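First, one chain by itself: the form predicted on its own, in structure tokens.
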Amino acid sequence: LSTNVTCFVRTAEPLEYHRSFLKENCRPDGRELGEFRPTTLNIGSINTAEGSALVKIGNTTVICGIKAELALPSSDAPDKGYIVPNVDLPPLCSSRFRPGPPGEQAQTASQFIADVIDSSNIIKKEDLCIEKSKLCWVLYCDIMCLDYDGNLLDACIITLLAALKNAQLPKVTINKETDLAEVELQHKRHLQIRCHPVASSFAVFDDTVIIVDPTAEEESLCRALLTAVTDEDDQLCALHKPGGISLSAEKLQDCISRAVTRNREISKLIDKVIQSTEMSK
């Protein structure tokens, strides 16, 4: 009977149900307020891509594939290449998403990732230029959610960083006589990753109650969401807070400090997975 009552309360009064746990400094899934779900990473799983990675944060599962194409640099930036991120939230990942053109959440996530790429300088776009005004690389970073259970942005940034670190591009030169590009597929090199941004997301229930790594249910019930992106030098690269209640400066600083710790944890995970993948080759 008590199980049936619990299920009824969770369905009828989901916010009160969550608050009963938050008062005890824990959450319905057994985690503490500041505890992330188990995070696992797999790299190089898409053979047809230049680089790829799959990350799981709890049930949330996201995959990223990097495809590279040659293009003409823009006249505005003749010495730069392009990085084009795109986030796809297909109906298969959650019943909340519908078929058709990208919804608001997918567009917001794509824009957020584009902003992080620019603000963190994860890759210098000059590094993607092969010959000024003539030839450059375009990196298409296709990110797809396979299972949605909250905290999409953290998963997207982890899988993007890991896929970029996994990616290799062939050597390309322009033949001076024919003025055509020559691609040497046997000579591949890794991209130069200049910054290691990691995102940490928080859900705010009251100014005194802030939880990390919210599930989809927690996201739907909270009063505000916040994502802080930090790099390996403990610098803040980006802050994303789409509306909701305001936060005190002290609480905001707490979130940023937690994000700094999370960056170290994720950087260790990525390095460990890359090392074990290279050793198994």
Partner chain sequence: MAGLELLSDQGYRLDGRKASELRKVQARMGVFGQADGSAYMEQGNTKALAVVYGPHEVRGSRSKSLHDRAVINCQYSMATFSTAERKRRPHGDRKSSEMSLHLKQTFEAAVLTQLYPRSQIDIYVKILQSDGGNYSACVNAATLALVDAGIPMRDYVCACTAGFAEGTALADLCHAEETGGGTALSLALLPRSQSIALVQMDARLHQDHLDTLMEAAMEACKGLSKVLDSVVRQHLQEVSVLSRD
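Residue numbers count along the first chain shown, from 1. Being a predicted model, the structure only gives us computed values, none of them experimental.
One more form of this protein should be noted, the form predicted together with the partner chain, which is absent from this view; the next part is about it.
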### Query
Here the chain is shown alone; which of 174, 146, 193, 77 has a heavy atom within 4.5 Å of the partner chain in the model of the complex?
146
### Message
Just to be sure I understand the contacts: of 240, 251, 67, 31, which is the one whose heavy atoms reach within 4.5 angstroms of the partner chain in the model of the complex?
### Response
67
## Note on the structure
TL;DR on 197-205, 88-96, 123-131, 159-167: the one with heavy atoms within 4.5 Å of the partner chain in the model of the complex is 88-96
### Task
Answer for residue 27 alone: is it within 4.5 Å of the partner chain in the model of the complex, judged on heavy atom distances?
no
### Query
Though only this chain appears here, would residue 227 touch the partner chain in the model of the complex if you measure heavy atom gaps against 4.5 Å?
no
### Task
Give a yes/no on whether residue 48 approaches the partner chain to within 4.5 Å in the model of the complex, heavy atoms considered.
yes
### Task
Report whether the minimum heavy atom distance between residue 61 and the partner chain in the model of the complex is within 4.5 Å.
yes
